[in-house]
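The data below hold one chain only, encoded as structure tokens and taken in the form predicted on its own.
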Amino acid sequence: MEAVGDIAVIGLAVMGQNLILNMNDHGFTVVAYNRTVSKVDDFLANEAKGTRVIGAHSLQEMAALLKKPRRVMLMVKAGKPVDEFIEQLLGILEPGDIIIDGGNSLFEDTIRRTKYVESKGLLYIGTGVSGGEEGARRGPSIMPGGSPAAWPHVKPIFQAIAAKVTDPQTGAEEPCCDWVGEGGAGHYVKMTHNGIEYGDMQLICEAYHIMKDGLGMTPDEMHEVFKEWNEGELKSYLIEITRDILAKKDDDGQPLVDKILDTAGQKGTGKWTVISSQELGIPITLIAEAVYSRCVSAMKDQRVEASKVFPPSNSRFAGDRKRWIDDIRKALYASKIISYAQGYMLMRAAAEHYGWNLNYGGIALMWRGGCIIRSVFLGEIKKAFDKNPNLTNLLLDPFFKKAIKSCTRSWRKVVSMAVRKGIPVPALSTALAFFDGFRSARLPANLLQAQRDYFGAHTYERVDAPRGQFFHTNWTGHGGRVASGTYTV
């Protein structure tokens, strides 16, 4: 059996099949394997007919068909199936061979797996792949991390099949794929991408809700608005598909969007992002609200009952509709900036905590094409980090500072009117609240810390003493002089 395969892909669901076909289109010989081997024959007889894709009916046959070092990519369900395949592959592959996990795995699992596979003499990559079915087929955003020594062996394949964008600085065509970092860095960046995706989607849904209930607009009218927005600073994949969704008609000629039940699902990456932010102490409030908004949407029966107890009042906005639409656009744009600022805050904290050297401008470039959150907006993030690689927060970059200032009045106007009219805007409002907190030189946390010291002797710092020096007050006159120990959760 001749070793002719450049890479093997295990898992022939839609994403796996499309990645294989993408690799084939770029001249690579792919070995396809699936646990249910009948799917291999079915794939070769249909989607892969006429290609150079080779089918394998066992892991042993798959390994024998691969050139060394062998590259094996898992496109299977995250969790236990990944660990099970790793164990099987370790008994078949040889030192120096590479196992790649291309699923939505939790980054902590990738950290563990990288160490484990390296201890066996092999190399491991955990890579985020974003762009859905179409991205996998035509060019996804790929975010690899894990064993640095593995990168040169997969780089030609990954960068060939990835989406391509033009670098705004050099004018060169760049692949939306580059090495992210060691351990779980690749899957962490993909997780953060998905968290920002949650935020973007929720913000767009709130803009839609305001236009629908606040301005009384039809889906066709909103289609025209999103069509216009997709020609400006909001131009993005999510704005584009929202435009198309609003124009789609059901078989009876009525807008399909109005017939879809208002309960949203989620697969967990948004939740993981929020959990990680809590562990690192980073306030990604917008992403958290986006996750919880999906949870609220799932409470359909309770919401219907509550609407009878607390019936809505008139939710229509008074005033010029065209002006309101422009205000909503600005509120959406400002909140989107906050979403990315929070996402980058989280990645910076994670990089420091896990010892990763993340290229923040490079990440923006990787996200500019192929992925779900791709947008022209990301080009400005790339420029910001090119100008200042040590930028601590996007809100401090001149471009974003100017953009926020130009949108603030409309942002406040939209949020306040939505609150007055009873239209829920959790993401738009929490983005504004974060901004106001971030720009405040003094917050009421002095009172909060006094409360903690009062009931738990948790101590406090003073404005007239050096940072790091802690004090305790006997607030009642009959408390003790001993303070509680300090710790961070």
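Numbering starts at 1 and follows the sequence shown. Fair warning: this is a prediction, and the values are worked out from it, not measured in the lab.
Just so it is clear, the following notes concern the form predicted together with a small molecule, a form of the same protein that is not shown.
A heavy atom within 4.5 Å of the small molecule in the predicted complex is found for exactly one of C176, V76, I157, V117: V76.
The small molecule in the predicted complex comes within 4.5 Å of no heavy atom belonging to G379. When the small molecule is considered in the predicted complex, H458 lies well away from it, no heavy atom lying within 4.5 Å. Taking non-hydrogen atoms only, W151 never approaches the small molecule to within 4.5 angstroms in the predicted complex. The small molecule is not drawn, but in the predicted complex it has a heavy atom within 4.5 Å of R35. Contact with the small molecule in the predicted complex, defined as any heavy atom within 4.5 Å, is confined among 77 to 85, 320 to 328, 394 to 402, 381 to 389 to 77 to 85.
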